[in-house]
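Listed next as structure tokens is one chain, alone, in the form predicted on its own.
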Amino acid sequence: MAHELPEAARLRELLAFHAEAGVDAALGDSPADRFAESAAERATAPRPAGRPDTGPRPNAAARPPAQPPTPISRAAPPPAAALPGLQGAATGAPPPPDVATLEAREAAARAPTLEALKAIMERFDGCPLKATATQLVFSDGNPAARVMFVGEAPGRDEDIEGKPFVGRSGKLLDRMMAAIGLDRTSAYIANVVPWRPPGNRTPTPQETAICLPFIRRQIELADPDVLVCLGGPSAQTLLGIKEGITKARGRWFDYDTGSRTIPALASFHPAYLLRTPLGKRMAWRDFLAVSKALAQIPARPGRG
């Protein structure tokens, strides 16, 4: 028989479960059983008074036939464009994934700078994750840095602050970068998917495909000397590999931006290292390889 956890430990696990599911705030100081309240309301609600007895009822056959209800004429609702704040929302739903992916590709190609790309993404409504996220999580760090780190998607802390890697994973990433002489002034950080999935779930293949043109353009405009894909989803999406991160980590790949080829390394995501501390030794080797590559690649003018 399993040993029962103390009450405090059970409460901590329950709070952790709700936090992972995206519950950010309580509606009251104490829990309320809404089902019990509804049952009590039904039990105490007054019943309608019975019909008074006024004598013999007329024969049903003698009653006049019931008339059909008069149809109610309803005016057509105004178009969405005529309502304030609903311009462009005539359909009320994002376009199909294939259409949204094409629109994302065309929109990303029009961005001449990172600032313009961010503005385009803030206006883009093709990804359904935007409707549930707090805000766009575009990037953090120095866009002119020589190394760029790309994760999978923002979590709860990132969704609140609007910056990638600011929670527990971000603090670990900061320590990993500091071990090779980097910080957020000498690195550029982003995610494949810039909007938080509800409950920190894994983005669907359709959501990832819609966001892929944006991160590709972001990498192209940042133009780093070294690209580091943190985690299996990031490496599989950007590098086109099929195997898991355990087999792919530590290996160098060529990432083609269309204008130049960037050496790219796959490594563990900091969130994985928090769950599996034994992987930190291999991640340390990966970061040493990044440091060595930066030392061997000649620095271009204007790169920090």
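Each residue number is its position in the shown sequence, starting from 1. Since we're looking at a predicted model, the values are computed, not measured.
Here the subject shifts to the form predicted together with a small molecule, a form of this protein not shown in this document.
J.: Considering Ser139, Ser169, Thr101, Asn142, which brings a non-hydrogen atom within 4.5 Å of the small molecule in the predicted complex?
T.: Contact with the small molecule in the predicted complex is made by Ser169 alone.
J.: Report yes if any heavy atom of Pro224 sits within 4.5 Å of a heavy atom of the small molecule in the predicted complex; otherwise report no.
T.: No - in the predicted complex, heavy atoms of Pro224 and the small molecule never come within 4.5 Å of each other.
J.: At the 4.5 Å heavy atom threshold, is Gln218 in contact with the small molecule in the predicted complex?
T.: Close contact is absent here: in the predicted complex, Gln218 is far from the small molecule, nothing within 4.5 Å, heavy atoms only.
J.: Would you please decide whether Val228 lies within 4.5 angstroms of the small molecule in the predicted complex, comparing each non-hydrogen atom pair?
T.: Answer no; every heavy atom of Val228 is more than 4.5 Å from the small molecule in the predicted complex.
J.: Considering non-hydrogen atoms and a 4.5 Å limit, does the small molecule approach Ala153 in the predicted complex?
T.: Because a heavy atom of Ala153 falls inside 4.5 Å of the small molecule in the predicted complex, the answer is yes.
J.: In the predicted complex, which of 203 to 211, 115 to 123, 175 to 183, 157 to 165 comes within 4.5 Å of the small molecule (heavy atoms)?
T.: Within 4.5 Å of the partner lies stretch 157 to 165.
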